[in-house]
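Only one chain is given next, in structure tokens, and it is the form predicted alone.
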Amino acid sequence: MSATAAATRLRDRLTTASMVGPALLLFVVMLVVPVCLSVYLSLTDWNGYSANPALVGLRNYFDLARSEEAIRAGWVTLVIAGVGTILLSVLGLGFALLVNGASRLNSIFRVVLFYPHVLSALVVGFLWSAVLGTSGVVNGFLTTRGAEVLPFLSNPTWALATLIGVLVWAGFGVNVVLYLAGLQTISKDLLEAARIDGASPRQTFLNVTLPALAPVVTVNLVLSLVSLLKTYDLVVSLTGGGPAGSTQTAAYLILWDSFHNNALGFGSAQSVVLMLVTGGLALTVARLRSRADQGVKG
């Protein structure tokens, strides 16, 4: 190898390192280090103040498996994630089909549909608690009409349904945008060929549009699932985890145990389990969608 070639290779490697290095360093500092630290703390009894937390092995994980409160929060989180993901995908696709066209009215509708997503989850929670609370706008109107007050936020079942509804309202704008982007990539010639062949709108949607949107569906499902599994801020501002813990999610309980109960070791164990469950579910959804896509292509 000549000296010129070696110098060129070294320069290329230095250029690559200078471009990848900052991103890699940021990834390690912002993700790898916190995850490793969380795993370590989950094996201790650290209360957030002691300088030398004692190692307790897997005791926090055994306590977590026996905690009725943590198990209930896990189920609540799974219900929110499952139902919310389905609603976000279905409603997102439905509204995307409705506003998929080049017109001034559709442009306005797109802005209106996406607007809730730009609001802070805390603001959304306070807004809807003012609308749906016991003394809120809706119940105030019902009271003036002589009707009974509806327990949007005071009944466990109603509160969970209300929380899911508000989460969907606040988040489905992103799904609409992603589906709109996917719809723009579908070949108009393909749609026109289906029309000429006599396919009905339903047949065109099922056999042309939906298969073409398969990658977008996968992305939406994974993003929605991961986002809903870590629901926290809206719970704080809308229900506070109540009534009777019916809307207490895993993320909410992690923060509560860690900083209110000063049990950061136990809270870290919960965060590690939530991280593993989130990663496992996201990979499962991605693999199922990949198999479905391969089946369609086959």
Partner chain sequence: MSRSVRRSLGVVLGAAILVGAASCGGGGFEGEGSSGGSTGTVRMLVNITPNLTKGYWEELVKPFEDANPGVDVKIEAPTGQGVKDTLPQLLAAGNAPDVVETLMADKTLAPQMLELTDQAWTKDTPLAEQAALDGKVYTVGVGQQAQSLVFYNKDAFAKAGITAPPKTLDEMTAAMAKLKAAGYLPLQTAGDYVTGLQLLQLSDPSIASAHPDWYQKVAGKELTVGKTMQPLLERYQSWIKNGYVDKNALGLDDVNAQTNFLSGKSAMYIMGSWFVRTAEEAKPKFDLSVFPAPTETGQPSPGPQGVTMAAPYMVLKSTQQRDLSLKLVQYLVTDQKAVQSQLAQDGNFRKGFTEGLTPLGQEVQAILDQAPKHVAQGEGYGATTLPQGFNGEWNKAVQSLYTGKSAQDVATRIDSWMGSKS
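Remember, it's a predicted structure, so these values are computed and weren't measured experimentally. Residue numbers count along the first chain shown, from 1.
Separately, the form predicted in complex with the partner chain exists; it is not shown, and the next lines address it.
Trainee: Does Leu153 reach the partner chain in the model of the complex if we count a contact as any heavy atom within 4.5 Å?
Mentor: Within the cut-off, so yes.
Trainee: Do Ser187 and the partner chain share at least one heavy atom pair within 4.5 Å in the model of the complex?
Mentor: Contact check for Ser187: no, nothing within 4.5 Å of the partner chain in the model of the complex.
Trainee: Within 4.5 Å, heavy atoms only: does Ser200 come near the partner chain in the model of the complex?
Mentor: Although the partner chain is absent here, Ser200 would stay clear of it in the model of the complex, with no heavy atoms inside 4.5 Å.
Trainee: Decide whether Ser107 counts as a contact residue for the partner chain in the model of the complex under a heavy atom distance cut-off of 4.5 Å.
Mentor: No, Ser107 is distant from the partner.
Trainee: Within 4.5 Å of the partner chain in the model of the complex, counting heavy atoms only, one of 170 to 178, 99 to 107, 127 to 135, 113 to 121 shows up; tell me which.
Mentor: Contact criterion met by 127 to 135 only.
Trainee: Considering Ala193, Leu210, Ile71, Val149, which brings a non-hydrogen atom within 4.5 Å of the partner chain in the model of the complex?
Mentor: Contact check passes for Val149.
Trainee: Considering non-hydrogen atoms and a 4.5 Å limit, which listed residue (Ala65, Leu26, Val32, Leu55) is close to the partner chain in the model of the complex?
Mentor: Checked against the cut-off, the match is Val32.
Trainee: Which residues, if any, of 250 to 284 lie within 4.5 Å of the partner chain in the model of the complex when only heavy atoms count?
Mentor: Heavy-atom contacts to the partner chain in the model of the complex: Trp256, Phe259, His260, Asn261, Asn262.
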